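Below, in structure tokens: the form predicted alone, a single chain.
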Amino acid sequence: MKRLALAALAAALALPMSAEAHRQWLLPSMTVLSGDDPWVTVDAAVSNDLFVFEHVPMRLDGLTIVGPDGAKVEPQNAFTGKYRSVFDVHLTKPGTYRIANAGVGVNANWKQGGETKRWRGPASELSKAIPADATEVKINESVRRVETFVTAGAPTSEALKPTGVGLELEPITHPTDLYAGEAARFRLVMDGKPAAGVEVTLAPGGVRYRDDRGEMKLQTDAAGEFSVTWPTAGFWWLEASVRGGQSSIPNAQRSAMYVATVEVLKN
């Protein structure tokens, strides 16, 4: 079972990082909650159309939930089916929660005996996978983060701190305080430093039956920041990717992908 889980995670990490590729996403049932005992249900999938279950489920091997106090929160009732994974989050403390599925995958190819060999898996198994007589070795490290945000009561910021690994969103405008017709500002950081000149794709959900998909392309400035005025309310998908950065694996090429789902509310 462990081998199958690692293979599934590696396959997810190896998905192409373009806007036209299959899209990975976490979709919460809602992002702003109140009441004495709030819960949220999150769907996790990979699909062609945003927020439609029609391709494969997202595996939850790298799932991490950070609560308002910075402590980790355990998911409840996790299940993976044919087209989606599902889990619940019990919001036992007031404030903002960061729900992320993140990980690092490695793929390599080389020549051995005149044949091209390929391997994909965790970095910890790389040295055992490549034989001593391998030539023309090429290694690629892929860092992935797919996340969303939910708030019980008033928004807080403790859970929003970047980890310093890979491409991440550092909100300037709080990610659960977004409204149609209003501008919001965010910062992208790569390994904790501003990611300048990165293209950001923003796409609304609920466009399966529309001719106009409503996508927007933006670019971060020298400080890694970008601004968007939301044209419509609803769930929006944000994606960005970069190549480069210092890999922990010698001679490896590195790439990083970031995806977030945010909810834009009616003003």
Partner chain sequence: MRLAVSAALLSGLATTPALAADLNVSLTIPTLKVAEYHRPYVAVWIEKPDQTAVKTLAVWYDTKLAKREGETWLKDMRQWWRRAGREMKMPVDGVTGATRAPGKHQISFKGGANPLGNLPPGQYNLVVEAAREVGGREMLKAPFQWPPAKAATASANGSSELSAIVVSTKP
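Positions refer to the first chain, counted from 1. Just so we're clear, the structure is a prediction, and the values are computed from it rather than from any experiment.
There is another form of the same protein, the form predicted together with the partner chain; it is not shown, and what comes next is about it.
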(Q) Only one of these stretches, 25-33, 203-211, 221-229, 63-71, has heavy atoms within 4.5 Å of the partner chain in the predicted complex; which one is it? (A) 25-33
Q) Which pick from D88, E158, E182, D133 sits with a heavy atom within 4.5 Å of the partner chain in the predicted complex? A) E182
Q: Have a look at P122, G153, P194, P162 for me and say which one sits with a heavy atom within 4.5 Å of the partner chain in the predicted complex.
A: G153
**Q.** Exercise: D177 in contact with the partner chain in the predicted complex, heavy atom 4.5 Å
**A.** yes
Q. Quick one: which residues from 244-267 get a non-hydrogen atom within 4.5 Å of the partner chain in the predicted complex?
A. K266, N267
